[in-house]
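What follows is a single chain, given as structure tokens, in the form predicted on its own.
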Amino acid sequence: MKIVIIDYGAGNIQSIKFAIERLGYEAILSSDPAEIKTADKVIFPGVGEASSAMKMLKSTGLDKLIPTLEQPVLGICLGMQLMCTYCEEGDTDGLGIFHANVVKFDNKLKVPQIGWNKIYDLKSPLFSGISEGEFVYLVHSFYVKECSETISSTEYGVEYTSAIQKDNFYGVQFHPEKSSEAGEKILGNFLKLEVRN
């Protein structure tokens, strides 16, 4: 299986690569459209600020490529947020894959949210073998509002989308590579998803 982690300068990609290797797979780091198109699975990571990350995607043409991919794609943290329609951070238009907006947590809360929190209302094969209320690791100041594409929810002052899916596109707000056994299981479930023809 060919697994490509999109390397566009805005992701903690080595820790994801190591997590995949712990599961017994190899992953390639690449920003080459031909390499990405021929992958069986694509992982779209992201940390940092939305508008600068989107500029990096645009500079390589990946903003046009990613929405056209037909294999399973997993956006992680900022990667998931950039797959949405709009990010309040930096007043940024996203890739428009998910019909959801990304907004900032209320200032009354400790922001960013850093640490372990529960996921619930799990609605996808991504969560096969994962219990309701499982803990995952999150670091973020902005969140995706709940929508029809939400496949897991988390509560932090407000109930929000911690995972999302539309067709072959998946996104998780949490870091599976930092979420212990549950995170590895979710990553493994993604890598085992069937490719739709």
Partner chain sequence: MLTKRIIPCLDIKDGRTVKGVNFIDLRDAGDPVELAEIYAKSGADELVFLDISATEEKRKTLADLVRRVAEKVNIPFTVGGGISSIEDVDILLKNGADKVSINSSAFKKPNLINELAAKFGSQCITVAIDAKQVNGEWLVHLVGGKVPTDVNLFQWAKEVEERGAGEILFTSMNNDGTKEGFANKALAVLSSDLNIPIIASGGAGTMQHFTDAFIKGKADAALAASVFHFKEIEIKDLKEELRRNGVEVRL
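Residue numbers count along the first chain shown, from 1. Quick caveat, the model's predicted, so the values are computed rather than measured.
The discussion below concerns the form predicted in complex with its partner chain, not included here.
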Single option in V47, I28, C147, V158 placed near its partner chain in the model of the complex, where near means a heavy atom within 4.5 Å
V47
Between the options G90, P125, G96, P112, which residue brings a heavy atom to within 4.5 Å of its partner chain in the model of the complex?
P112
For Y86, is any heavy atom within 4.5 Å of its partner chain in the model of the complex, or not?
no
I'd like to know whether Y137 contacts its partner chain in the model of the complex, with contact meaning heavy atoms within 4.5 angstroms.
yes
Counting only non-hydrogen atoms and a 4.5 angstroms cut-off, does N12 reach its partner chain in the model of the complex?
yes
Contact of N189 with its partner chain in the model of the complex (heavy atom, 4.5 Å):
no
With its partner chain left out here, work out from 149-157, 65-73, 35-43, 162-170 which stretch has heavy atoms within 4.5 Å of it in the model of the complex.
149-157
Check each residue of 163-191 against its partner chain in the model of the complex and list those with a heavy atom within 4.5 Å, in sequence order.
E177, K178, S179, S180, E181, E184
